[in-house]
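Below sits a lone chain in structure tokens, taken as the form predicted alone.
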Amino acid sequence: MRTDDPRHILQRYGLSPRRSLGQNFLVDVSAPARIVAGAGVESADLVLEIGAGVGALTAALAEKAGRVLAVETDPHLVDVLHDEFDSQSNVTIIHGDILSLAPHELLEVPVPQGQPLWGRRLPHYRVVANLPYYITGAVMRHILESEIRPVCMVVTVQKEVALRMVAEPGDMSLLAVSVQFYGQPRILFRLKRGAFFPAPAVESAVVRLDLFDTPPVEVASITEFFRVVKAGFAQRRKQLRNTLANALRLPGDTVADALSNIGIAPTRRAETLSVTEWGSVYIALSPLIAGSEGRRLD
């Protein structure tokens, strides 16, 4: 496995980290192998690596995976990656913004016409991402909501974000529900600030998300499900009865009755609900929301 320090590679090519792109390069020599092991990469796997940088993690992935698609948006780093990996047959370098690239097109997998409710999960497709923190959420949504989905996703994120992803009822957030709707997250290990160059202001953690084959709750519309969840967290410190009624423009008593009918106390707060309970709330409120919108259109 290539052991060049990313700092030496940058120096060799006359490059410096670009703050505008949120670049922090992984320089902990043991981290790439730990990430690859945590992702469970095997020879049959196709790995989509997002944010390849100068290839520290790319090299470790290429040792284990059958094929690596390494996406990088910085054209200067793309040149470095081509120099470093063009001779390696199982690595393909892709210059582009992942948010503008469709995973099924990158993987050359046909998908049915129309947006599916729940993208097909491919058992030998894995995603590994060491991303600028400011686009982590957008990239995760892009992957999780795509027409095809990986069997698992391993991302390096801020430690505080990792803790929010794995939160349990009592400390839930919109992020926790959004992640846990698609899969089961767990923190693999943490990384100190010095594991990166330049050192970020916060500590980091590597999170693995094992994606579900089928949704954890039956919903007619994922978009509408998250509309209800977002309404619940609009004023997270207030009681569900009030925050849902205000955000969805429904009578408070009507919302309270609907919640009581499914065994959820109207006085509870959004952070106390599990993903399954949010599914019940969505099902209970959907007819009320449809009726309310119908009345407004009359």
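This is a predicted model, so every value here is computed, not measured. For every residue, the number given is its place in the sequence shown, counted from 1.
Keep in mind that the form predicted in complex with a small molecule is not shown, yet the notes after this line are about it.
Between the small molecule and the residues 258, 245, 229, 26, the one pair within 4.5 Å by heavy atoms in the model of the complex involves 26. Residue-level contacts in the model of the complex: of 216, 132, 137, 169, one residue has a heavy atom within 4.5 Å of the small molecule, and it is 132. The three residues 22, 56 and 96 all sit with a heavy atom within 4.5 Å of the small molecule in the model of the complex. The closest heavy atom approach of residue 143 to the small molecule in the model of the complex falls outside 4.5 Å. Taking the partner from elsewhere, residue 77 is found to have a heavy atom lying within 4.5 Å of the small molecule in the model of the complex.
Although the partner is absent here, residue 178 sits far enough away that none of its heavy atoms falls within 4.5 Å of the small molecule in the model of the complex. When the small molecule is considered in the model of the complex, residue 71 lines it closely, a heavy atom lying within 4.5 Å. The stretch that touches the small molecule in the model of the complex, counting heavy atoms within 4.5 Å, is 44-52, out of 250-258, 44-52, 232-240, 264-272.
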